[in-house]
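In the form predicted on its own, a lone chain appears below as structure tokens.
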Amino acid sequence: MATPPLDRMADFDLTDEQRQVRSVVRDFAEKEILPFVEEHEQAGRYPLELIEKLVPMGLMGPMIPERYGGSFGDVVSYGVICEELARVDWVVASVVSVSNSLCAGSILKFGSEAQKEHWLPGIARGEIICSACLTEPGGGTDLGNMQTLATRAEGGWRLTGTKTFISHAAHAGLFFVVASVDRDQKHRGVTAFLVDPHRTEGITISDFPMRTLKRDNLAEVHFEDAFVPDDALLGEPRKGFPILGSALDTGRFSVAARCVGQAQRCLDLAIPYAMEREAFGHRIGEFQMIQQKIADMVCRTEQARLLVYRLGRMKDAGIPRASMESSLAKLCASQAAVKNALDGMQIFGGYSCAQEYEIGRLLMEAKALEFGEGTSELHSRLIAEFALGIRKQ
């Protein structure tokens, strides 16, 4: 009899409390989220009712301190939460990831006390869904070449430009926006803002049709001379690039954790199928080539999980930036998710393309995670430059 997956995961370093977090979140996700994912995908329906279920569990603010209404315990536990939610639903996990890693994390580190009091309790209570307006039509990875322009105005700033592939935009109560006050200065002109889309004129949110992740309702966000007051400025003008770098450092941790969850899901689907499906009078799981695929999937998942946990432990130890380790975890975990989906589809054969089977959808979602928060090519370059001493942490 096979050993239950929870007992075989590479979580030997987890505390009893962290193991309990995994068990509780997995049970919740399988019972309360998983049964509705495919229905929402086919209908292209954003899962607001599922997101609301996260609030009583304390899952909307796992990186927000208790004094602001959050449930922060430690970074590794946050990674476990992202992993287990992503194992059943990319979108719900993304809500937690964007709200905590990119938005709340940036406010905690760089925001004023007034900004913390204004935004963080609402995020923790699930009243404010967050959206990170970073990627632009001309390029996602080259964030130093920001084209969205922030122009000084009396009492604040005016934003003009377009952001694309923006998750949660139509349902967000907070936009984390980066723009340039001087395009010629490249990254030295980047400035960060906290924007309330409901109280800001000049913002238009347009649908961005996708072949997959229809339930995420990805959007283009257009800023047309949109006025934001001075208190919307996060940090100082021209000091936004370090804020962005810090946000992505933590964001890549949560994205990598989500990739581990997706890689694990592929494995969880492929193993029982391989032991049920028969060909040539044998279960296909008895064939050596299928066994090799299963072995590769297990190795990739465990390797990625170890890198993610190590990164979480480093952050819990107080290391302010772990950029190389973030790139290692993001690169290996996202590639594991994609390769596991491909191997899983090969095991399912033609059925992997059938609507009733989940495995085919997971491939497209895994590719989206591989692109998100830095492509594989970018992270490979960063890792090499850190190793060669060209780039410092």
Ligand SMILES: Cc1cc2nc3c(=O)[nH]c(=O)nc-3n(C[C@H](O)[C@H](O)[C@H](O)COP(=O)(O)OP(=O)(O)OC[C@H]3O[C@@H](n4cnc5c(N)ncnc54)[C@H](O)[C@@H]3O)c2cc1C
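Please read these numbers as outputs of a predicted model, since none were measured by experiment. In case it trips you up, residue 1 is the first one in the sequence shown, and so on.
This next part talks about the form predicted in complex with the named molecule, which is not shown.
A.B. asks: Residue 78 near the named molecule in the predicted bound form, any heavy atom under 4.5 Å?
C.D. replies: Output for residue 78 is no: heavy atoms all beyond 4.5 Å of the named molecule.
A.B. asks: With the cut-off set at 4.5 Å between non-hydrogen atoms, does residue 167 touch the named molecule in the predicted bound form?
C.D. replies: Close contact exists here: in the predicted bound form, residue 167 approaches the named molecule to within 4.5 Å, heavy atoms only.
A.B. asks: Taking any heavy atom pair closer than or equal to 4.5 Å as contact, tell me whether residue 135 reaches the named molecule in the predicted bound form.
C.D. replies: Output for residue 135 is yes: heavy atoms within 4.5 Å of the named molecule.
A.B. asks: Answer for residue 223 alone: is it within 4.5 Å of the named molecule in the predicted bound form, judged on heavy atom distances?
C.D. replies: Looking in the predicted bound form, residue contacts with the named molecule do not include residue 223, since no heavy atom lies within 4.5 Å.
A.B. asks: Among 267, 284, 194, 218, which has any heavy atom within 4.5 Å of the named molecule in the predicted bound form?
C.D. replies: Checked against the cut-off, the match is 218.
A.B. asks: Given that the named molecule is left out here, which of 139, 320, 155, 209 has a heavy atom within 4.5 Å of it in the predicted bound form?
C.D. replies: Partner contact (heavy atom, 4.5 Å) among the options: 139.
A.B. asks: So which of 23-31, 339-347, 364-372, 57-65 is the stretch with heavy atoms within 4.5 Å of the named molecule in the predicted bound form?
C.D. replies: So the stretch in question is 364-372.
A.B. asks: Note that the named molecule is not shown here; using its position in the predicted bound form, name the residues of 184-207 with a heavy atom within 4.5 Å of it, in sequence order.
C.D. replies: Counting only heavy atoms within 4.5 Å of the named molecule in the predicted bound form, no residue of 184-207 makes contact.
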